[in-house]
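A lone chain, given as structure tokens: the form predicted alone.
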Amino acid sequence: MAVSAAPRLSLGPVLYYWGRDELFDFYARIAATEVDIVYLGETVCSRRRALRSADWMQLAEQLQAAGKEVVLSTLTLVEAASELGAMRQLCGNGRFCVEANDMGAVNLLSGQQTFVTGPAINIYNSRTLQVLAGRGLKRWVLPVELGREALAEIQRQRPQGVETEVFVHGRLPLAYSARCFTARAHRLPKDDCRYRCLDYPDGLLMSTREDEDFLVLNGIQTQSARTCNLLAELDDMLALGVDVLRISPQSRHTERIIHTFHERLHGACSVAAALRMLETVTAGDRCNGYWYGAPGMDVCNTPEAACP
């Protein structure tokens, strides 16, 4: 891959509940990585209050000073008036771009400033992209359940000036619910969860009766047990004109994951070597099925695969 044509790397918002010190330490390390864009904010549960709004803004300023493009991310599921008020404040921050993860945020941002849509916004065709572009969309993130063929079709009619971002590494955010499954697993009500998510810095792994990893519970969010890893598909994305590659944070080794993708993008290592490195630092087994139009948990385009 040519250096000049390499997409930029982004780091998505932390999807888990980490403490204040852990978050500040994490982003201090991220400031020294090769990542170009950093998304900040709580996107899963408003009860996670390790950081206040002023803290997020402080982190945003520090990362911006380190040369990163900073984007503030909204909640994905808004259920209360207080959450709507916080979303209004975030969308009107006046300093940083906002990632809308809910259509309410899209409505607040439309015509007011340019914005990004996260993977939870259901953009499944170019017509939707065109409508949102007219409202100020500057970048969209492909929904995680879509793959190469769907992206190719959308890219053919992508509006001018709109960038495309693809989720390339991390446990896939699959669904959101009004219920907190982590609290329920501990026989606790959602409103008195005792912040049990703090005990699971990479989510609560669920297994089948056959002891196979199945899903990860992350509060009201359900994730894949396997980690999506599209490093081997980077040439596909380059050919399709993808602008940004998103890595989702995990509690350990995120910096090494960023560095591995950076090296592969700039031709410093082979696909095989990069995959071997990622196997040593990734939480859970690899999957890439959605990219090939197969079940998301599958591994395709390898000798042992049976995907199309």
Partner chain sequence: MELVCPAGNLPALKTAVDHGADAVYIGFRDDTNARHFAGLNFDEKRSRAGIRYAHEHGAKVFVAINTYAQAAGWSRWQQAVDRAAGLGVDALILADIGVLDYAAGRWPDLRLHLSVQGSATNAEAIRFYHDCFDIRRVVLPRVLSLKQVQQVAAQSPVPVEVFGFGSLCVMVEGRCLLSSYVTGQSPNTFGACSPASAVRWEETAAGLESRLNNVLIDRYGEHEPAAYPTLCKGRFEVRGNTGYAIEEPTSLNTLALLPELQAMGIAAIKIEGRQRSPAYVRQVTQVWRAALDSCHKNPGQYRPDSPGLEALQTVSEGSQTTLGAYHRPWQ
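Numbering follows the first chain given and starts at 1. A quick note: this is a predicted structure, and the numbers were derived from the prediction, not measured.
There is also a form predicted in complex with the partner chain; it is not shown, and the following applies to it.
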Contact flag, residue 173 vs the partner chain in the model of the complex, heavy atom cut 4.5 Å: yes
Contact test in the model of the complex: residue 235 vs the partner chain, heavy atoms, 4.5 Å: no
4.5 Å heavy atom contact, residue 16 to the partner chain in the model of the complex: no
Partner contact for residue 225 in the model of the complex: the partner chain, 4.5 angstroms, heavy atom: yes
The unique member of 95, 194, 138, 186 whose heavy atoms fall within 4.5 Å of the partner chain in the model of the complex: 186
Residues within stretch 125-143 having a non-hydrogen atom within 4.5 Å of the partner chain in the model of the complex: 125, 127, 128, 131, 132, 135
